[in-house]
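Single chain ahead, by itself, as structure tokens, in the form predicted alone.
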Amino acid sequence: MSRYFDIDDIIMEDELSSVVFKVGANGVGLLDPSAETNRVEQGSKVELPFWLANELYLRQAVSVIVPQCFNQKTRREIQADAAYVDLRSRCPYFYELGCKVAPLIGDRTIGSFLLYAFMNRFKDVLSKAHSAAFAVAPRFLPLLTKEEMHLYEAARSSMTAFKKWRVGGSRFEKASILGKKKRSGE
């Protein structure tokens, strides 16, 4: 884990990932619900939490399959209209999981796909956070991933602070040193 005490990172690494065992393994039959014995055979496809899939991948025991949230159907939907794709239902930690799973699956296009999705959705997140349209928020917020929700809340609070500052009293304060006069005759 990169951020050991971060609850979001812990929850993200608990996302299920499909793996195929490269080798047979004894004593791990519980991982494969279809296994009748306590052994997982070579070539078995199993759903594992990402943290375990990552550790097994590093030990060259499994190969990681591209998660469903990064499949071609999702890519086409995001290319068509990124702002209205429900990424939260597919993976609440879409961007973070994508960054961590890309080196494991060897797909070099995931990085550019994540950048494209983020850039297109980021504009919409900021414009909705800075607009006064509160009626749009209930329909828009359930589509956002956890990362996008953090951005939305930060933009919303900065806009609130800006409006409070703009409406508030004087904008400039006289420095205390300017009020002092020099002694004449020195």
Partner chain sequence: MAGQSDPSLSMFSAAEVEFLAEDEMVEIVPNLNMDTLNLICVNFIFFGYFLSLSQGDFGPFRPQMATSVPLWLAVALKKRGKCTIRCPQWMSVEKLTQVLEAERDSPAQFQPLPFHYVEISRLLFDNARDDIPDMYMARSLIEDIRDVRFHKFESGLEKISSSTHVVKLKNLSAMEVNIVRPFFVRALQAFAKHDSPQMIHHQQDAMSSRQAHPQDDGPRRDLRRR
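For clarity, every value in this text was computed on a predicted model and none was experimentally measured. Positions refer to the first chain, counted from 1.
Beyond what is shown, the protein has a form predicted together with its partner chain; the following relates to that form.
Put simply, L144 is far from its partner chain in the predicted bound form: not one heavy atom of it is within 4.5 Å.
A residue is said to contact a partner when one of its heavy atoms sits within 4.5 Å of a partner heavy atom; S127 meets this definition for its partner chain in the predicted bound form. The closest non-hydrogen atom of S158 lies within 4.5 Å of its partner chain in the predicted bound form. Interface membership of S112, defined by any non-hydrogen atom within 4.5 Å of its partner chain in the predicted bound form, is confirmed. Residues of 78-106 lying near its partner chain in the predicted bound form, listed in sequence order, are Y95, E96, G98, C99, A102, P103, G106, the criterion being any heavy atom within 4.5 Å.
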